[in-house]
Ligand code: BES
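Have a look below at one chain only, the form predicted alone, in structure tokens format.
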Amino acid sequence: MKIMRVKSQVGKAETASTDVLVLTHCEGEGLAKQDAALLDRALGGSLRKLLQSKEFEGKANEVLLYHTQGKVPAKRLILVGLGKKSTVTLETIRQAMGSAAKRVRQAKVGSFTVALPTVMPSGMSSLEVAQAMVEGAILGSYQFTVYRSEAASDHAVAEMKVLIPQTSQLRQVAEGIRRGVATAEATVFVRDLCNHPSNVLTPTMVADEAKAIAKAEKITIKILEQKDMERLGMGALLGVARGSQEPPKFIILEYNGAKKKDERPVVLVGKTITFDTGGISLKPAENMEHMKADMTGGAEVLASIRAAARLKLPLRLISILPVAENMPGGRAMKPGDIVMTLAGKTVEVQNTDAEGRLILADGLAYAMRYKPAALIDIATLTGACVVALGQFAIGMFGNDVTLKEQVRRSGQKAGERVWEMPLWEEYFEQLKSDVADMRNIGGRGGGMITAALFLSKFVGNCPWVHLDIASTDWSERERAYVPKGPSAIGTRLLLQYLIDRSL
């Protein structure tokens, strides 16, 4: 998908010359002190009548298209609701812009102008509001048409202008737009990768994407091939990959924008299973096609390092992607097999469908070589996460109070919220094996917790957070700025964390 251009412009809504002017409105509020007040005067009070008749009330994500009939320079007006004034947040604005952008696209116009809301979320700057606006508009416009023969006829909006009333706000809004474009662009990139079928997006193609990003953004890259992994002793990753004809890859990318070149890095590790059949422990056929998106975590850490480089964030960042397919086959790993991890710990594989934690074990062990200041792994790890949290919360575990709080705050700001789950050692009883250091499953009870506890054995005392996005990575229905299918939720959380850490 081509990303729309976004610009800022100082001006007033009533004099803005544009195909579509988007204005926000709060439920239960009159026009006084809201964006449409002066426009209503020029339109002969027709907007006030719409509010009085309750044809438009300003409820969250409510959208109304109004043709101005040449009475003002804007050809069309879109009113979008923010809900109650007291409950307006960055996420409210992000969703409103997603809803408005969809309506703009339906109107088949090439560009639109949106006024910076008069009602701002409590404690939030125009920078943060502009970032949320841009994210919502770009992500609400998302389409994946690569494999559709009628793709050429699908309308795309090319440009968005953010209208601001005062020149003094220009610098903050411009920076908000820059961040918003970068985070939305990263999310679109992840959605695209997750939408590609696994016969296209193989481990080799993931490596090719990483090479292209490294070259374009001047990022250091190292790719370990199967022989390299064998030499190092990555038995867990190699065990998962054994049943597939596709060779595994282990990708390490490094961006260094830190002022101190020896600064300890932030390391991101993402589960990158390009298709997960479950292996010998075969999954049910229903919805197995969703497993093309089992590489969401890897795509997100890849997108994050690209965006960090484009934003020139002043930090050192390393993204690690252990990449493989999990397939049944004559050489496939079997229940009861024992693998030796890079960390030297042995694992009895009691279920080959619990493969994500195996490849992450080697990924996390490798990450420890960099002595991270902070280590975050992100993965579509457990079905238990879906059962526990549904589709609106990311499961979070960790061993460091400060890092967990930083991630929580960044998630809140990004609209990609986390919910902390316990990481208590008592649960490790379920992972004890009769024949190895541990086994890779702990039974039905506390499945999300035992998976995280398994990973915790490979990070030592390093400040670490594990994010289970199995509950949020795929949406069964279209929402304001989230499409049906791969959502890429988690991408903006990671980027917001990196931005916040850089400030």
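Throughout, we count residues from 1 along the sequence that is shown. A quick note: this is a predicted structure, and the numbers were derived from the prediction, not measured.
Below, we turn to the form predicted together with this ligand, even though it does not appear here.
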**OP:** Given that the partner is absent here, state which listed stretch (117-125, 290-298, 304-312, 178-186) has heavy atoms within 4.5 Å of this ligand in the model of the complex.
**Re:** 290-298
Subject >> in the model of the complex, the one of Ala470, Leu51, Ala36, Cys26 near this ligand [non-hydrogen atom within 4.5 angstroms] >> reply: Ala470
Original post:
Here the chain is shown alone; which of Ser141, Thr382, Thr113, Asn195 has a heavy atom within 4.5 Å of this ligand in the model of the complex?
Top reply: Thr382
Original post:
Would Asp276 count as a contact of this ligand in the model of the complex, using a 4.5 angstroms cut-off between non-hydrogen atoms?
Top reply: yes
Subject >> 4.5 angstroms heavy atom contact with this ligand in the model of the complex for Ile441 >> reply: yes
Original post:
Though only this chain appears here, would Lys283 touch this ligand in the model of the complex if you measure heavy atom gaps against 4.5 Å?
Top reply: yes
Original post:
Heavy atom to heavy atom, is Val339 within 4.5 Å of this ligand in the model of the complex?
Top reply: no
